[in-house]
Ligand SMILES: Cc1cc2nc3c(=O)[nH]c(=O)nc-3n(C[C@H](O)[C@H](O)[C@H](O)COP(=O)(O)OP(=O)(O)OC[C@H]3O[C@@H](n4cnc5c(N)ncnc54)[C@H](O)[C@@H]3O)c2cc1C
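In structure tokens, one chain follows: the form predicted on its own.
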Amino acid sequence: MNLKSNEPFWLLKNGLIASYPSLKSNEECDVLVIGGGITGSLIAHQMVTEGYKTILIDKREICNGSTSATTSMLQYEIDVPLFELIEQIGEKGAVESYKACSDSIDTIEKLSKEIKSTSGFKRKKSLYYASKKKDVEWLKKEYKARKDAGFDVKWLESKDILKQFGFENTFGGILSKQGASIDAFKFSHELFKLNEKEGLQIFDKTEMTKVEYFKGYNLVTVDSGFEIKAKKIIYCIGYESKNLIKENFVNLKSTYAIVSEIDHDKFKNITNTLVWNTDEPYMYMRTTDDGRLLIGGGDEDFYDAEKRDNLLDKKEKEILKTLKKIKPDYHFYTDFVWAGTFGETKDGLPYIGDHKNFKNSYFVLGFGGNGITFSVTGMEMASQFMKGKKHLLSRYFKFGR
């Protein structure tokens, strides 16, 4: 009998938090947010806070897309190392992008306190360790780049990692002070409930089928035939933007994760630290707010959901093999194993801004391992866009860069 679940852990942990109606009438608004995940919840919160009449729609049930599958590791580190990003886009853009992610963690903490969230936000350090001896040289270069940029980092030798965390077979690593974790599924639902009370209209199982552009507004038709007249549209649809935008601007990846109860006696400081390594694809690890151990990795190109899900058993074995390298004597009893899809860009940066083919519209697409922190940056950027102002990061996050 197979007792492991192949459903995302957060869905089963939280159950059905809330349900919303589908659209059954014509509506008007200042801002139409398309996409009901963590990004949509943050952007809608910003719009409602600033007094815009806001409607949000999602073709699924709320938060049942990528937000239900995210591992919710909040890191300032971008998938492309800082020293490499500096070479790609220049020091100013690279450092400011990293700092924006760092500031986003502070913003989530502040917001979570303001709304009295029960989503388990927790401050954590972040350990980025070299899994191969050949990685040490460039990882030390990365350490210097972060240090020079003002980040609170410390270099640990392999013996230090063994002493502090009990991890064997590492070759040194970077310990960062800034990091956190959260239950993004629950946090998003909390934001939606809060803003619904403030006037946000939410419609799930409502899919956009057509957009017509007029001077000063857009007319959106949904699958039920009803229409929404919106002065601005903000698309928060993540990797599904690939179906909307014709150019090849993002690669889709499948990622895998497993969850189990944890033997705290065999782990040191794991509840206070995010862990990831220099493998390609990299392994990542964190604890959950209910005391479980979550490990992910095994990323590969996405082709279709069926093929992705058929690899669950194989990917589980791959992830556990990586764990065995640093914890040879630890037996991981898998309770949950699931897969998710995300977008990966060549520079590790999101796409936030307007697009020439979509009038009166903006996109907030937080790709890569920093989807949540990029979405928080998107709150500030969307606020500026709505006021007709420019943002420092727009040139680095724009389409066609």
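Throughout, we count residues from 1 along the sequence that is shown. Every value quoted in this text rests on a predicted model; they were computed, and no experiment measured them.
Omitted here: the form predicted in complex with the named molecule. The next part is about that form.
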| property | result |
| --- | --- |
| Location of the named molecule contact in the predicted complex, chosen stretch of 22 to 30, 347 to 355, 370 to 378, 43 to 51 [non-hydrogen atom, 4.5 Å] | 370 to 378 |
| Heavy atom of residue 341 within 4.5 Å of the named molecule in the predicted complex | yes |
| Residue contact check: residue 72 to the named molecule in the predicted complex, 4.5 Å heavy atom | yes |
| Touches the named molecule in the predicted complex: residue 60 (any heavy atom, 4.5 Å) | yes |
| Residue contact check: residue 201 to the named molecule in the predicted complex, 4.5 Å heavy atom | no |
| Among the candidates 217, 284, 167, 98, the residue which, in the predicted complex, approaches the named molecule to within 4.5 Å (heavy atoms) | 284 |
| In the predicted complex, the one of 103, 309, 263, 240 near the named molecule [non-hydrogen atom within 4.5 angstroms] | 240 |
| Partner contacts for 205 to 224, taking the named molecule in the predicted complex and a 4.5 Å heavy atom cut-off | 206, 207, 208 |
